[in-house]
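Given as structure tokens, the chain that follows is alone and in the form predicted alone.
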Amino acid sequence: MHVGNYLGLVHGSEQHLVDALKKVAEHHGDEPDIEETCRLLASWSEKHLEHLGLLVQKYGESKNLEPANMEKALFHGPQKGSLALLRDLHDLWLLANEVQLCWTVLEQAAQALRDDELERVCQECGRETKRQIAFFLTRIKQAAPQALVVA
């Protein structure tokens, strides 16, 4: 059984999402909605990490380097300005989609295993991750015209 592989993947991905959200909040503190919302969304992902504890005890966890490699490929240090904000939102959207896919895969495994607790955690965390993704996409749509068209 390979559930521990995906528990490791979602654990690493959620942790990197928390770290990235906090960095974006710091780098774009001049955007009040970004700082406050990124800190809120980071707290959701931190809660997801807490939920993983019991699941890891039950299924184990395989450490995975993919989340670290993904973060390195996406985020390129602190930058300021509208284009930097757009790029950071884009990167957050990509990272959150990785997290969402992990929760979806694990939910499918939970159904196959008839593990109600695993399924409940996946559904709850998946719902919140979808809300994170929706915020990023909405904010990307808002920031794109300013960043790409206005000189």
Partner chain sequence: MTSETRDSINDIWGERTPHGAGQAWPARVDERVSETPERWVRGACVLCSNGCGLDIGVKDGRIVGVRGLASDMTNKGRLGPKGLHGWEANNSGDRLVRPLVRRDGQLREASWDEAMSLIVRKSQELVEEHTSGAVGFYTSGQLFLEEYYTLAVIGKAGLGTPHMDGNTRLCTATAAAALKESFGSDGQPGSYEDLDVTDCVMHVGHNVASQQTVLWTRILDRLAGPNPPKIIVIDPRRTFTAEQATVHLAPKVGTNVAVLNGLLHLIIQAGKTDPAFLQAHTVGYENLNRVVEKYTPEYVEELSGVPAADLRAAGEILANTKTLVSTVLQGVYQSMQATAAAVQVNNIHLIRGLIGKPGSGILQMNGQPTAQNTRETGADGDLPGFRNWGNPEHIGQLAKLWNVPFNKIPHWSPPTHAMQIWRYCEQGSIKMLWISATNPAVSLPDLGRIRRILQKEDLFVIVQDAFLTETARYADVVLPAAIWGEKTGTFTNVSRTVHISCKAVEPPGEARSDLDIFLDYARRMDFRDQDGQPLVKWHDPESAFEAWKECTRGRPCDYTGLTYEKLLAGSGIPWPVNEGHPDGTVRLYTDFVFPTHADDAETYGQDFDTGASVTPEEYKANDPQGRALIKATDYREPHEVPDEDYPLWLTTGRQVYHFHTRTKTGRSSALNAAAPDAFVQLSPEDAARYGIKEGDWVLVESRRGLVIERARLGNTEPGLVFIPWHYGSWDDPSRPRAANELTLTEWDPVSKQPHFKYAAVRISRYAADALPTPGLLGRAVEVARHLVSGEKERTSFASESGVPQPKTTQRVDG
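Numbering follows the first chain given and starts at 1. Every value quoted in this text rests on a predicted model; they were computed, and no experiment measured them.
There is another form of this protein, the form predicted in complex with its partner chain, and it is not shown here; the text below is about that form.
Asker: Three residues, 3, 98 and 110; all within 4.5 Å of its partner chain in the predicted bound form via heavy atoms?
Answerer: The answer is no; none of 3, 98 and 110 reaches its partner chain.
Asker: At 4.5 Å between heavy atoms, is residue 26 in contact with its partner chain in the predicted bound form?
Answerer: Residue 26: no contact with its partner chain in the predicted bound form.
Asker: My question is simply whether residue 22 lines the interface with its partner chain in the predicted bound form - judged by any non-hydrogen atom within 4.5 Å.
Answerer: No, residue 22 sits far enough from its partner chain in the predicted bound form that none of its heavy atoms falls within 4.5 Å.
Asker: So, residue 31 and its partner chain: in the predicted bound form, are they within 4.5 Å at any heavy atom pair?
Answerer: Taking the distances in the predicted bound form, the answer for residue 31 is yes, it comes within 4.5 Å of its partner chain.
Asker: Does any part of residue 36 reach within 4.5 Å of its partner chain in the predicted bound form? Heavy atoms only, please.
Answerer: Residue 36 belongs to the contact set for its partner chain.
Asker: If contact means a heavy atom within 4.5 Å, which one of 54-62, 39-47, 98-106, 112-120 is the stretch that engages its partner chain in the predicted bound form?
Answerer: Stretch 39-47 is the one.
Asker: Heavy atoms within 4.5 Å of its partner chain in the predicted bound form is the criterion; list the residues of 116-131 that meet it.
Answerer: Stretch hits, in order: 130, 131.
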